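In structure tokens, one chain follows: the form predicted alone.
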């Protein structure tokens, strides 16, 4: 394993000149930080929208914000982007080193692209591209040997959908070619190019994935994910003020937690790191002395519950049909219908004559009537109902495997506090269990479980 550390800085970490100076100090403090992946700058000061969203709004002729009843027009989004970079240039004193006119030209010429997906990818990538160039100029102005390594120059190759590109193996060879012992590589995250030279982007949050692929390519000692939080907390600190940072988690544990509301970073970013056993360290740009959370392939000891997550705004579609459990293909056909409506399914507990499919409630908006009709037409259930305003609480920990007592304790303590349970399910891995309940009692329930399962209160 090399001594190289790959460091990714998210939008909040590069939101303004003060934050970028913090990034510079972090990078300068360790000579092994030689591959720096950066996101687009944070929200603009006027509309408080992310720069990437402004860029997508330009690409879609204003539909991106119009469809969500937000204010900025195309002209306003264009000015917000330019204004953000002008402000950063001034505050960082790099006016003479940053190609503002090139950015201005890109915001105009992008409309020459006829394919909407390709046009959206082109515009969406501009935030990361020009921020990497700006940060490189600032580092250089402070005497650091930094260079911008743009995906279109060194060959970060993606294929597939222009808005959901997949990293190709040749990208790893190309990343190795830009390594040397003296330079600090500033790499824009989120985008790459196709074999035909077209811009393509990763899914939202893709800067994490870029950094993960860079770490894999150089077989890094560590992948640091710098953000605005001290690490992964054992529960959401917004609801549980006493929640502590978890010092160590396995990839499996963070995967289970991230599926249930712990949206720390892009899961795909972990896959390649997991293959090479590269630790991921989640750290706080604003508090660099904090050690954060390390994500590892394995850890000791194997505590029982290490984290509790809450998934809000859920609903479940409930079906009854005689002999449903004995009908080969029934569940597959039901899930196929959800797939046709582009609805992600989270759980589908089933029994002999019934099944429930848990989904995000927002995914049903505007389509629930059509979804019902399709299910009734294709599967002819005896009874169907949709139950809204649900939440799912998930407790995770390697030590839960083979431990049925913790599940019983959780049910018991919720019962003692008169919290009604809608459903309960233990994962096949046995290292987590899920409790479904009404949204109205979810916050109270997670506080109770945190106190009982993590703080040892009775």
Ligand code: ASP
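Positions refer to the first chain, counted from 1. In this text, all values refer to a predicted model and were calculated from it rather than measured experimentally.
Another form, the form predicted in complex with the ligand, is not on view; read the next lines as being about it.
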- [ ] Give a yes or no for residue 394: in the predicted complex, does one of its heavy atoms lie within 4.5 Å of a heavy atom belonging to the ligand?
- [x] no
Task: Partner contact for residue 123 in the predicted complex: the ligand, 4.5 angstroms, heavy atom - done: no
Open item on the list: If we define contact as a non-hydrogen atom of the residue within 4.5 angstroms of the partner, is residue 35 a contact of the ligand in the predicted complex?
Closed with: no
Task: Close approach of residue 57 to the ligand in the predicted complex, 4.5 Å, heavy atom - done: no
TODO: Would you mind picking the one in 156, 223, 226, 190 that has a heavy atom within 4.5 Å of the ligand in the predicted complex?
DONE: 190
Open item on the list: So, a 4.5 angstroms cut-off on heavy atom distances: do all three of 7, 283 and 293 pass it with respect to the ligand in the predicted complex?
Closed with: no
Open item on the list: Based on heavy atom distances of 4.5 Å or less, which listed stretch (334-342, 197-205, 284-292, 313-321) is in contact with the ligand in the predicted complex?
Closed with: 197-205
- [ ] Can you tell me which bits of 23-48 touch the ligand in the predicted complex, meaning any heavy atom within 4.5 Å?
- [x] 39, 40
